[in-house]
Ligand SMILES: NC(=O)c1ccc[n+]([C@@H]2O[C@H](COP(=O)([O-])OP(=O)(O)OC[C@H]3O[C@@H](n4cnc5c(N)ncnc54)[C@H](OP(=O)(O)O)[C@@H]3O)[C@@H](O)[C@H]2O)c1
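Below you will find one chain, with nothing else, as structure tokens; this is the form predicted on its own, and questions on how it binds or moves follow later.
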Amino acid sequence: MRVLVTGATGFVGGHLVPALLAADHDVSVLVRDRAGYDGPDDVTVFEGDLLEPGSFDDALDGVEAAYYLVHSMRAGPDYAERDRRAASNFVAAADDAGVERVLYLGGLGEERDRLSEHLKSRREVEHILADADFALTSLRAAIIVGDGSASFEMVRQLAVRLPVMVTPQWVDTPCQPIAIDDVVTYLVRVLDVPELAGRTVEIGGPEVMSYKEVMARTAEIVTGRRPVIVPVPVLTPKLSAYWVNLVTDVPRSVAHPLILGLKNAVVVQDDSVREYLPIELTPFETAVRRAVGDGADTPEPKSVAAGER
């Protein structure tokens, strides 16, 4: 199948392109700077900008399916407006080109829970893409564990650099982290399931845990010890976003929206995708070891607290 990947220079796109090639697809990528793309040799590279209508039309010629992996958080506080325009421009061009299927990776979270601005923007993009002639498959995920994931990197640095953390109540929010390998497997294999065209599916790893547990277990894997995490009600997510700036090197434009989104529970409510794609999910510890370059076969670390995982 001839497929186009937008956002190919990003974290997920960088993992997805080689996997699509390995699955014998004819892969093209759309990037803003052709000279700066350092991907596989077997892809066709098109240069264009989704914010500039007409600049990327040739990339869609003959495309049967396209992956929409674009977001603008790193561009600054106006990212929602930029993402809105980019999605609208893409829909117009893809419909004109006769693209049949589009796959979008968004975020978990219930709209009735008053989504954060970041999650609300991701959901708005999903709605824009759904209002098109092509069949949209939206995959919603929580924190993706892998080397290069901004959300995981923020958690990892906090967990490793601070043996004692005073945190807001969001550390008790439940989430369902998923390994980047599993995300890519879903993204590739969903192309072979026509029943999932036009549907929204939720994907997650094998465990639901709090962000507190995510940080504790990550620190234990990397350093051999668990940090002391003390939630306090007076530290708001907004204040903690500034605190994260002091501790991690994740860009502020990325860290702030992510931190403000930690108040929302991001857990799979509908796992019907597994009826079609019953993949073997990667254990959290294995995903973390791969992300930090420690290998998948590292022995399980011993807990430093009796009765804790």
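None of the values given here were measured: they were computed from a predicted structure. One-based numbering along the sequence shown.
The next section is about a form of this same protein that is not shown, the form predicted together with the named molecule.
Not one of 97, 138 and 189 comes within 4.5 Å of the named molecule in the predicted bound form, counting any heavy atom. Using a 4.5 angstroms limit between non-hydrogen atoms, residue 151 touches the named molecule in the predicted bound form.
Within this chain, residue 221 is remote from the site of the named molecule in the predicted bound form, having no heavy atom within 4.5 Å.
Among heavy atoms of residue 50, some come within 4.5 Å of the named molecule in the predicted bound form.
Using a 4.5 Å cutoff between non-hydrogen atoms, residue 18 does not count as a contact of the named molecule in the predicted bound form. Proximity to the named molecule in the predicted bound form, taken as a non-hydrogen atom within 4.5 angstroms, holds for one residue of 171, 214, 158, 144, which is 144.
Only one segment in the set 130-138, 205-213, 100-108, 191-199 has residues whose heavy atoms sit within 4.5 Å of the named molecule in the predicted bound form; it is 100-108. Along 24-39, a non-hydrogen atom within 4.5 Å of the named molecule in the predicted bound form is carried only by 32.
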